[in-house]
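The data below hold one chain only, encoded as structure tokens and taken in the form predicted alone.
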Amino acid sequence: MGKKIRKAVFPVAGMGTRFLPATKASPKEMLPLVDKPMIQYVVEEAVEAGITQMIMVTGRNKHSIEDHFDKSVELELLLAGKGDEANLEMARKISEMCEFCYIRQKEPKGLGHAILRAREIVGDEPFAVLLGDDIIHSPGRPVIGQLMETFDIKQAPVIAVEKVPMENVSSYGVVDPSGELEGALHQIKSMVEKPPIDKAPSNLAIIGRYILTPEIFDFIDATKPDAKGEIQLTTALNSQLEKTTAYALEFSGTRYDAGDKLGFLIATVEYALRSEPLGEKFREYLKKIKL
């Protein structure tokens, strides 16, 4: 039997410029989605899938991410003194749900470079990568867990994909499938980063969930920066595809592009409608709006 996935890498060093001025001094990943920061939803997805070590690749002005997942003695003492057991349990759960490691990406050199920074902590193991601005609602079966199940069978890299309208493909990395295998699973022939519509090999867009093998680090290390000075993960994966097989899985779940202002607002409304006990009152409020 192959190795199990125990570790997940979270590239959270980006500047979040699409959310300025809100992200001038605060990380995009800490923007609240109803009552939790975005990054907590993604960490909880990994925990639910059985991953036990979260590796945060951070940058400047990201200290609040570390503080959020750390133990807060002062807050716990305050809540205990007030007899607020519900919030005390919630605060403790955040810091105790898994192990966290932090490493800095000193310069914004792209997703590939961010993942490469985690090489020593990951070691010689397959690992997950989760992007914090792709929030995916998939109750009962976390998306990264769906990829892990496929990896357990195939023992090869697995990438989450979603069919998008052709007019939107230029905003994504896109998979060129060599043919559908089993249901929603495709073998990957190659990947193209943000292709023009007329050059897109399909409308299977790469979404921010990956299961990668440790061999990817050598391919990233050998990848030259693009015109923007960034090391693209898709370029490294294409190089790895020359040596091995990889798969694309159309996941089950509702994905929100929370790195976009409109996507973030849509996610906020829909998560609020699902929440207890807020949802019903919020639904009634929305019915009354006249703008």
Ligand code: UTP
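As the structure is a prediction and not an experimental result, all values here were calculated from the model. Just count from 1 along the sequence shown to find any residue number.
The discussion below concerns the form predicted together with the ligand, not included here.
- Checking L116, L131, L212, V143 against the ligand in the model of the complex, a heavy atom within 4.5 Å turns up for just one residue: L131.
- Interface residue remark: P126 is not counted as part of the site for the ligand in the model of the complex, having no heavy atom within 4.5 Å.
- Taking the partner from the other structure, the ligand in the model of the complex has a heavy atom within 4.5 Å of a heavy atom of G110.
- Taking non-hydrogen atoms only, Q105 approaches the ligand to within 4.5 angstroms in the model of the complex.
- In the model of the complex, the ligand sits within 4.5 Å of a heavy atom belonging to A13.
- Contacts to the ligand in the model of the complex (heavy atom within 4.5 Å) from stretch 69-102: none.
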